[in-house]
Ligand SMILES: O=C(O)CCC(=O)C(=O)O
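Below, in structure tokens: the form predicted on its own, a single chain.
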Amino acid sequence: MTDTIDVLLDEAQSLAGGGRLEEAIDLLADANRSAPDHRVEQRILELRHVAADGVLAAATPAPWPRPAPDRFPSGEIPEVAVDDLDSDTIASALQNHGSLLVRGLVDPERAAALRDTIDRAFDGAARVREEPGADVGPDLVPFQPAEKYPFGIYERAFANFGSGVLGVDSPRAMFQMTDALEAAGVRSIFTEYFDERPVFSVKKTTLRRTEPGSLAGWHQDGAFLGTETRALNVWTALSPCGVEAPSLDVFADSFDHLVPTGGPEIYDWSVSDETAESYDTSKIVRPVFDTGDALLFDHMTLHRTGVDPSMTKTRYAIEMWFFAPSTYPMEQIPICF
């Protein structure tokens, strides 16, 4: 088997060396679907990172925002089944209601595999905290971006503090999740939504295993991503949440400005409870997710972890932030989708 993987990796390297990065990624992905291998998954992630440079260099911004009449006049968070998801639906929901709930984005079998991968990644991260420098591969493989990007201890500590592990430190999770999204047709939908090939963020792609009683603070990601970027978060529940396990609290409304930050909250870009409650609290929604459901929202959406003392179960999720390449915040470090 090792010889077969070596031949496959050599073939992919030949393609990549000739500038055929997409072919190299597709070759490895096709092989990994039938016979998963951690070395192949790590190489796919590395090639996606290399390919992102070309995507960003070729990017040309399209007119924005795209016209999007309100298809969902109820005032709640709009919901659609994954088979009904398209770019116009995303634009309408986000521009008029701040978010879109997509039912069944990831099928239960894929979600179960991702939960297992997340457990192994968390176990690996815990061991590294206890024993710095411990080799816990392939469950946890520290991602190494191109030298031009500063990255490392701070980003991993930030993710750990927020009940997370950086997704790129688990090549298997990244393969499983990108493959699940591609199977759902998301890449072409997001390309049409942005009118550009989407890229996602190293720093803002996080594996979540959130315990009851976790910290919750209102925020808009635009407070640190910038207001002019074109972003789309795919927050996918990998276990049921919203009743017995933490969910999200979300304002079912679109914001065209940053809400004032400050107060006795978790981060300096957090929004205090008092400030959040000065807005229309009747629009605060805590969605109930089944396994594989996802909430799509952008960097202006005001939200927090949705938790209360009655919750007793752990929630598994993956958060992935996608961007239009022409407005990519480079400090986030790009990965091609």
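Each residue number is its position in the shown sequence, starting from 1. Predicted model only: the values in this text are computed from it and were never measured.
One more form of this protein, predicted in complex with the ligand, exists but is not displayed; see below.
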- Message: At 4.5 Å between heavy atoms, only one of the stretches 104 to 112, 134 to 142, 167 to 175, 233 to 241 reaches the ligand in the model of the complex; which one is it?
- Response: 233 to 241
- Message: My question is simply whether His219 lines the interface with the ligand in the model of the complex - judged by any non-hydrogen atom within 4.5 Å.
- Response: yes
- Message: Check Trp321 for me: does it contact the ligand in the model of the complex (non-hydrogen atoms, 4.5 angstroms)?
- Response: yes
- Message: in the model of the complex, does His303 come within 4.5 Å of the ligand, counting heavy atoms only?
- Response: yes
- Item | the ligand contact in the model of the complex: Ala245, any heavy atom under 4.5 Å | no
- Please state whether every one of the three residues Arg208, Phe297 and Arg315 places a non-hydrogen atom within 4.5 angstroms of the ligand in the model of the complex. yes
